[in-house]
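Given next, in structure tokens, is a single chain: the form predicted on its own.
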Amino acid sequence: MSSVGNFLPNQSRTCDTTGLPVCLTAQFFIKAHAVCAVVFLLVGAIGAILLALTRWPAVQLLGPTWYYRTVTLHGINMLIFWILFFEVAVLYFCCTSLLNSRLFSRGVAWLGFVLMVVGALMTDVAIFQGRSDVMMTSYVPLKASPWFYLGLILVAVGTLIGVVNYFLTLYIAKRDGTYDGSLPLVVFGATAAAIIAVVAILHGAVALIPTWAWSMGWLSEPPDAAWYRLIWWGLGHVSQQVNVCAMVSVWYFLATLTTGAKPLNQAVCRTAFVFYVLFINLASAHHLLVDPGVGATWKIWNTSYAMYLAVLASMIHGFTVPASVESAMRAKGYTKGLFGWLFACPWKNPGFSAFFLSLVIFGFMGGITGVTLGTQQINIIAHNTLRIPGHFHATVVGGTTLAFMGLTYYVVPLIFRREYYARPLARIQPYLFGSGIAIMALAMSFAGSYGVPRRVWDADAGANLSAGANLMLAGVGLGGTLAFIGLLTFILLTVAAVFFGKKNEGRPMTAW
């Protein structure tokens, strides 16, 4: 990598821990997006604990009106705002620090950030006003406030502008020769995420713009319901595959930072990312398997063939990441027994524990349940039960959110240049959150197997629940409570570090 780069005078610094260059313009927007991400994470987390205690029949905290309002608030803030703000921060870090390049445009970054913030606030206000209780999917003919749709459109446009800024930074880095050879693997994975993001955002525009026009009264009829569901899932599920690419990129990055691990075969890892770009979008078909508006041939092709090429990509990463860690640890001399290297890993480092728990929960709980639920026969039985939320809480929360938490334990010291308080508490936080999410996701899945419906305020749904179903719903409440404690601990630790933590300017970050 070039030591000069293409930085403007006085617009870069060198990280005292990693030796990586830091573009000061990118640093500002990484901070801004990360702070907003944590704020929306908190909003979504409050919704999460309220919902977990409502699904527990012995508590049933919320009434029906506020239940559906909170479902909308929780889904939008957790699955869209928290994730997208953090992912833009990740993109800006990858295209500048890892490529030794300046950010393409400060003005473009400002435009994207402002649109995202205004849009997110607009949507949340519309939800709290009580005119947008349509849940995250907002299926027509349910109608939300025009501000709800317009806010989502602005967030999507702002994110797209951030992605364009990322691509243009890749261009000037290549033009100016700021790095040698191919893109680093982490940047390659982030680029795959950015490509999929463009596809997702375009689907969102096609679905939401006419729906917004209908909510404004400019169209007399809503968009066709079957058409809307098909296009919307090109946004809804595809955007979660952006999360998968970003999450896997974070796995590789944290494996290197925490253990010095290097990918054992770059070509295989890169091929897996290409599989995501080519095939992961098709996996959104499993949301439409019970939809009579889509033909059987399309369903069979997507779920019985194309989806498994995307599954293969996740399996490759699921093996190569821990294999790289094992190789690195054995090279350090931890060769005793079959798993001596694993026990010797830096489990007290929250960056490592969060990433490794993310890998395990995503692979063994999210991935396996996703494959089974993507099978048409099983999907017909399970689609409208709690098994579906059990699956995506394991993938998006246990996988992506936990990985992003692990990265934050390095973002704060390296980008904000602040140290964490209460480090013993930080060391156990990933275990609190990860175990809570695992319990909740498993309980949801088993409750769904008992026939407990999703998206329904009253879990009884007119019938008496079995003892097993009641036990699993209690598990949802207890697991959700534990996860909320772990998440709140993360937020408090991070806010305290960002605003009051001891400065580490001029010295390496303190080792965990």
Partner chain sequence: MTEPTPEPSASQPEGAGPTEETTRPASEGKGQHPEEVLSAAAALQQEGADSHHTPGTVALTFIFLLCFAVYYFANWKALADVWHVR
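Numbering follows the first chain given and starts at 1. On a predicted model such as this, the values are computed, not experimentally measured, just so you know.
Below: the form predicted in complex with its partner chain, not depicted.
- Proximity of Gln266, Tyr334 and Trp512 to its partner chain in the model of the complex is complete: all three residues have a non-hydrogen atom within 4.5 angstroms.
- With its partner chain left out of view, the stretch that reaches within 4.5 Å of it through heavy atoms in the model of the complex is, among 288-296, 143-151, 365-373, 126-134, 365-373.
- In summary, among the residues Met307, Val238, Val117, Leu185, the only one with a non-hydrogen atom within 4.5 Å of its partner chain in the model of the complex is Leu185.
- Checked against its partner chain in the model of the complex, the candidates Leu111, Ala213, Val277, Ile378 yield a single residue with a heavy atom inside 4.5 Å, and that residue is Ile378.
- Remark: Phe253 counts among the residues lining its partner chain in the model of the complex, judged by a heavy atom distance of 4.5 Å or less.
- Shown alone here, Gly434 lies farther than 4.5 Å from its partner chain in the model of the complex, counting heavy atoms only.
- Taking non-hydrogen atoms only, Leu98 approaches its partner chain to within 4.5 angstroms in the model of the complex.
- Proximity of Leu488 to its partner chain in the model of the complex falls outside the 4.5 Å heavy atom cutoff.
- Taking its partner chain as positioned in the model of the complex, the residues of 318-340 that bring a heavy atom within 4.5 Å of it are, in sequence order, Phe319, Pro322, Ala323, Glu326, Ser327, Arg330, Ala331, Lys332, Gly333, Tyr334, Thr335, Lys336, Leu338, Phe339.
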